[in-house]
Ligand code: RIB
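Quick heads-up: it's one chain on its own, the form predicted alone, in structure tokens.
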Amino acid sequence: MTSPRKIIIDTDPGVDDAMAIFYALSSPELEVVALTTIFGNATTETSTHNALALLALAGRSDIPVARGADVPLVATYKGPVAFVHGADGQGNAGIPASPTPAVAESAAELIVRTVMAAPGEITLVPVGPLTNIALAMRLEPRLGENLREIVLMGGNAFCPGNVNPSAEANIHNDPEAADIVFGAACPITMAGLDVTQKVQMTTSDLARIAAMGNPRAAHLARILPCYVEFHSRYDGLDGIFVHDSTAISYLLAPEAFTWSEHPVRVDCGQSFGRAKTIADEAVGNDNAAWAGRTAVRILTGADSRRLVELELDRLDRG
């Protein structure tokens, strides 16, 4: 039997982060060795509270949580998106605090220590802004070559953004960090809007979560209405886009996806293109800015129904 893949989830919980965390915890193919927290959907303080609380609710307080950066590398954090995830990041439903505290080391320190102690074994799964990963790479320049892979939720290579026409939210929160991470010396898979907006759960799918008889699903049922209301108002959906969980689905069923592979740079300028993830598709031109970069696997399509059923099956296990 193949050993579970060891993953660190870097997260800003977040309704869809909660779904992704529970999905991973319910999947025997994966071993969640740590959560690291970041600003984005909520402040880092709130994200850390939520990460610890979600693990406590899941009965997995044995998994360490390390608090990450409070602000981007260069820019200013523009604040939580309460209209998407609620003021508490958990759909305004609240979640009791965990009695277990975060570990003393920072997110970047935990990432470096864990990866360097197990070369080639750890997959980083960032589903928020990439600040912690960039800080870890600065702390340990050999980090990339010792990672198994980075599978991230973020970016938009071939479609419009969701913050503005150029940018996806996670990359928009720290473009400078994202550009560092896309240059990592390890395999990188990008589950961005090119694919996540093609994976959708309907309100009928979400009703199945509400009917599941376990505490994790019960919490999701409490927090999802806020997220559904957002998608209805802004995207006209009868349900939700499956953003963060799509990174977990790729780890479990890569054959359910299509992709193309290109080096990626991130626009770090101060104009309307800021935070756009730009794939090098040109041949025979002067592509010096992309030279020497890892060809990122950019997910572009997926068997949506298969992935939704897979996630619902795992969430039903509790």
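Just so it is clear, the model here is predicted, and its values are computed rather than measured. Residue numbers here begin at 1 and follow the sequence given.
Beyond the structure shown, there is the form predicted together with this ligand, which is absent from this document and is the topic of what follows.
Here is the short version: of Asn41, Thr277, Ser249, Asn50, the single residue with a heavy atom within 4.5 Å of this ligand in the model of the complex is Asn41.
In summary, among the residues Thr189, Asn162, Ser106, Gln200, the only one with a non-hydrogen atom within 4.5 Å of this ligand in the model of the complex is Asn162. Within this chain, Met153 lines the site of this ligand in the model of the complex, having a heavy atom no more than 4.5 Å away. The closest non-hydrogen atom of Ala169 lies within 4.5 Å of this ligand in the model of the complex. Within 4.5 Å of any heavy atom of this ligand in the model of the complex lies no heavy atom of Val181. The closest heavy atom approach of Val127 to this ligand in the model of the complex falls within 4.5 Å. Picking from 181-189, 212-220, 95-103, 239-247 the stretch near this ligand in the model of the complex, with a 4.5 Å limit on heavy atoms, gives 239-247. Although this ligand is not shown here, in the model of the complex the stretch 10-45 places heavy atoms of Asp12, Asp16, Asp17, Asn41 within 4.5 Å of it, in sequence order.
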